[in-house]
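A single chain comes next, written as structure tokens; it is the form predicted on its own.
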Amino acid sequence: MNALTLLTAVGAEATKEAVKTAKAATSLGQPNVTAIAFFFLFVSITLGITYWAARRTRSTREYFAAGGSLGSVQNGFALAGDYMSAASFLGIAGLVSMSGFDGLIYSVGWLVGWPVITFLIAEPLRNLGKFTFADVLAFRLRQRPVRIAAASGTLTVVTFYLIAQMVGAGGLIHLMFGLSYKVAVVIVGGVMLLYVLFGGMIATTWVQIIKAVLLLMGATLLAGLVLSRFGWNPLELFAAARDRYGSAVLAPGKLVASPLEAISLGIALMFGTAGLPHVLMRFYTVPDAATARRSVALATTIIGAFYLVTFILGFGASVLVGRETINSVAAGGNMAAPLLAEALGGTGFLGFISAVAFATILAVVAGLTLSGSAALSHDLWNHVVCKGQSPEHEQLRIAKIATVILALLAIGLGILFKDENVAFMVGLAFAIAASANFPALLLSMAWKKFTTRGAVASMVTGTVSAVVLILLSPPSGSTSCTTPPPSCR
């Protein structure tokens, strides 16, 4: 027996033992020195970037679109950083760990939306718009009704998306610092407010780039540690999950039981991607349509690689940590990835992964807040209230006031929705984006006979119907197994 075979056999034996005696104790919830150090390091660096960006941000174009000066590599990484959210890292890993194969529907649905953006959205959006996707809708339609409807859809999507990010961020800071959940949410909201209020899109872009690199490195390293326990063979990992939880863990139908619901969810995730206001806003940060197309191609590659990794993390957490432990730490499975990091690398590695996850959330929250403030100041204030006559300094002032309002809203909602699974909450935001924003945006660019009345009707109907159905649906803690964990574990 050679050394490699011996190590593999020993690792397999150790894994079997770990599976039998899933670790019930965790240091999560106690102050983690490593996590706190990485947290302050990240915040210090990004606040330095914010100070630098604030000195370069003087106009609305610089505040909302970084002056349109970003290259394809910069914007590609920033797009990936904007998109790889708490739902991607914490939520999908949690869903897969608690429900098995079905959790993959979220990662696949979110990924296949990017070809739609590449071939249908990116170039025309860059050519026709200025700061928001409402610019495209209003290009040949009546300004006032279209912008009101578009801003309403944008703010609804941003609100639901912010809930998910703040829940994930609050949980992380709570566990890293040992602070109360409410205080943790306030801290996250305050730091995010500094980035957006003073640095605008320039600061937000660099925060997203740093976060994308850190997240891809951290998640890949964690997945590598998982596979090393199973002889670098994913099939062995899946077999261990089957042995522990039964063959149903590798089959669809546990999280989404109805084929119609699966199709509906897939469509919402795919087309919702192409209707997310904070993603669409990034296409105005590049100088031309060709650069926008190249940045989407790079972002798709990064995001695709990352989603493959999260699937390994989810199954690894279910086998090496255990569903009971995961659910006992945080309802909804949101802490599966940090718990896995602790099981494999101790409290030091847990601290690093937790800090990376925090960086992930903070970057996305900053992008969401910026898109919401653009809708309020550029679409509603400038074009609806002031009929396009508002001076730049006034638009900037209104944008910063809107940023403060959105930050306070995010903090309040983050506290209110404490125990929701973050992937599930983001799924609701995607449903609204797919129902309201995407159809109007696509038809305005592709159909010459599209009218103002049709645009407003599509956005209002999509937004209202999606929100009403969400409010009337069973909560995620119900007994129906068409909803996410913890109910369907």
Partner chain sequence: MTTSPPASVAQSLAAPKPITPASQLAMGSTAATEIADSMSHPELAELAALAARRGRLAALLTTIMMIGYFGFIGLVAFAKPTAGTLLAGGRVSVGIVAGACVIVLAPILTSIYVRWANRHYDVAVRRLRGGKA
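Predicted, not measured: the structure shown is a model, and the values here were computed from it. Positions refer to the first chain, counted from 1. Take the two forms, superpose them, and find the largest set of C-alpha atoms that agree within 1.5 Å; that set is the rigid core.
One more form of this protein exists, namely the form predicted in complex with the partner chain; it is left out here, but the text below deals with it.
Comparing 406-414, 208-216, 290-298, 317-325 against the partner chain in the predicted complex, the single stretch with non-hydrogen atoms within 4.5 angstroms of it is 290-298.
Taken together, 115, 252 and 442 are fully in contact with the partner chain in the predicted complex: each brings a heavy atom within 4.5 Å.
Taking a 4.5 Å heavy atom cutoff to the partner chain in the predicted complex, the contact residue among 385, 183, 73, 308 is 308. Among the residues 223, 155, 262, 191, the one placing a heavy atom within 4.5 Å of the partner chain in the predicted complex is 262. Among heavy atoms of residue 41, none comes within 4.5 Å of the partner chain in the predicted complex.
Interface residue remark: residue 392 is not counted as part of the site for the partner chain in the predicted complex, having no heavy atom within 4.5 Å. Interface membership of residue 231, defined by any non-hydrogen atom within 4.5 Å of the partner chain in the predicted complex, is ruled out. Residue contact check for residue 271: one or more of its heavy atoms lie within 4.5 Å of the partner chain in the predicted complex.
Annotation for 436-465: interface residues with the partner chain in the predicted complex are 442, 443, 446, 447, 448 [heavy atom within 4.5 Å].
Once the rigid core is overlaid between this form and the one not shown, residue 100 counts among the residues whose Cα shifts by 2 Å or more. Once the cores line up, the CA of residue 389 ends up less than 2 angstroms apart between this form and the one not shown.
Here residue 244 counts as shifted, since its C-alpha moves by at least 2 Å between this form and the one not shown after the core is aligned.
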